[in-house]
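A single chain comes next, written as structure tokens; it is the form predicted alone.
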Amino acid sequence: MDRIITTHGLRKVCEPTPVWTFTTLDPGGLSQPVNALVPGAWESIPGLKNYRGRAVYEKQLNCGGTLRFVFGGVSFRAKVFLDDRLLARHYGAYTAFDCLAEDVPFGRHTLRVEVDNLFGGDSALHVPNDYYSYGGITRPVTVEQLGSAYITRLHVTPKRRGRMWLAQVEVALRSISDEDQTVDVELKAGPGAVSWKRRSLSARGEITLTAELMAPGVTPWTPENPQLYTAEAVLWLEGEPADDLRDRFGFREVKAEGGRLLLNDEPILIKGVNRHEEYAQFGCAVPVEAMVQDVQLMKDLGCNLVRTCHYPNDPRFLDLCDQYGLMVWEEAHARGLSLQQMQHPAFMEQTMLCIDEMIAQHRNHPSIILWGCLNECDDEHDEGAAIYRQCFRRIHELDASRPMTAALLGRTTSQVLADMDVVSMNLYPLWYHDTPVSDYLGGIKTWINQHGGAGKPFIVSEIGAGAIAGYHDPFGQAKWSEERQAAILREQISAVMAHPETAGIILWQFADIRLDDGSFASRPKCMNNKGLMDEYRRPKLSYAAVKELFHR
């Protein structure tokens, strides 16, 4: 199941059974093919905990006609074949991609996916980092049967005009026929509806239909009352319904004005956590049951926002955030890259592809209130700042209905403050240095105001301290103890929340995550241990401390 909602009623969709044949191809792998679950990270297979290399997944299918294969996420290089015919290549673990196979004879066929998670070569975004780059088909796979044309995209952008809500809608169609066609399209979005009659769709062509619908009497989406509506587009061919696409959306508006972040013109104070898409024995292929638990734990903590560090998340998790009223900062993949790394020949192509796919695939989620990119990358040199500005422009071009930001390393050298809608910085007083939190925060904010950030909302996008789960110091003074982590977080949260010019705080981080073995000297257990819980979601002492402060 690639979503927790039904996205098609007319289009025939199936999800292949979850057990695939799996074969490793490089040293350190397995000597024989084994059965593997899809979705799944191959590190969950016994003997492959540290496998970095190439592998092949195979699945026998009984199918035919015109087929569309949709891969929710493959980490992180993929080549897709049907009966040895190459259908697609894709780079990037965290966004979906699709491919078509036309005129497939009905019968038994082999779907083969070659997967590679090796660093180096064309790998500009996936590099050794402060999180683990897993391997495998890590998100759901679906197979769709299409006719001569289908709906490729349905976007709904809510907008408020005075007291009236509007829905700006966009439906994109694609022909997979060698003949010109005449099509009809009907669309419902909440209480509004529109139809387009007898539109020409050229052979192998695409068209995009747009309209603005009135939406009287709707209830706005808020964290306290996350009201959702359904949009459904139906494509008609020769007087018969031939294809459809459904999604959920909400009526809400997000603005960055006067130093505040506004939701439906009401100021919001962000109380959030950073969450990596990872869970103990499942790696990055988090089952939906664990996603539900994560959202419930965040709500229990008193959080109103989650940041998807440092990449787009599974749409099922975003569906849950929509439904539970948890706001989201979603960001494109990139973390902590130097100027030299940002000048990799493939960097801009891969970065822009991730931004394009993230926004195209996820923009209907009302829970997403901020787009982000380039976490802690080089923003202090002219060349790095120019790359930030290119990414900011692309985000605005694709979706101007939300503010955008970037979590900058907490240093007074940034050149991009004036280019951001919301200024965000990652600060770690009392952990990496002993400067009092209020003094450090005040100095950073004064510098921000003097260098292009005045009048913009300011978010402390990361702050926190580490603790090894189960290590206790009765005096509460030893770093890596649960007591010291809780004490530091209390001081950090209290100081940030008391500062008159902050729009919110996002704690680093929700739960402990795995790192590469090369991190052993600086990260105990080869883990980033700054979680409020361990990797199994067992709370540390800091969980209760944060819950108390966030519920005030």
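The first residue of the shown sequence is 1; numbering continues from there. The structure displayed is predicted, hence computed values, not measured ones.
The form predicted in complex with a small molecule exists for this protein as well; it is not shown, and the discussion that follows is about that form.
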Quick one: is residue 59 in contact with the small molecule in the predicted bound form, heavy atoms, 4.5 Å cut-off? no
Please tell me whether any heavy atom belonging to residue 514 falls inside 4.5 Å of a heavy atom of the small molecule, as the geometry stands in the predicted bound form. no
Does any part of residue 481 reach within 4.5 Å of the small molecule in the predicted bound form? Heavy atoms only, please. no
Residue 508 within 4.5 Å of the small molecule in the predicted bound form, heavy atoms: yes
Looking at heavy atoms inside 4.5 Å, which stretch does the small molecule contact in the predicted bound form, given the options 32-40, 496-504, 521-529, 51-59? 521-529
So which of 428, 196, 91, 388 gets a non-hydrogen atom within 4.5 Å of the small molecule in the predicted bound form? 428
None of 376, 144, 116, 184 but one has a heavy atom within 4.5 Å of the small molecule in the predicted bound form; the exception is 376
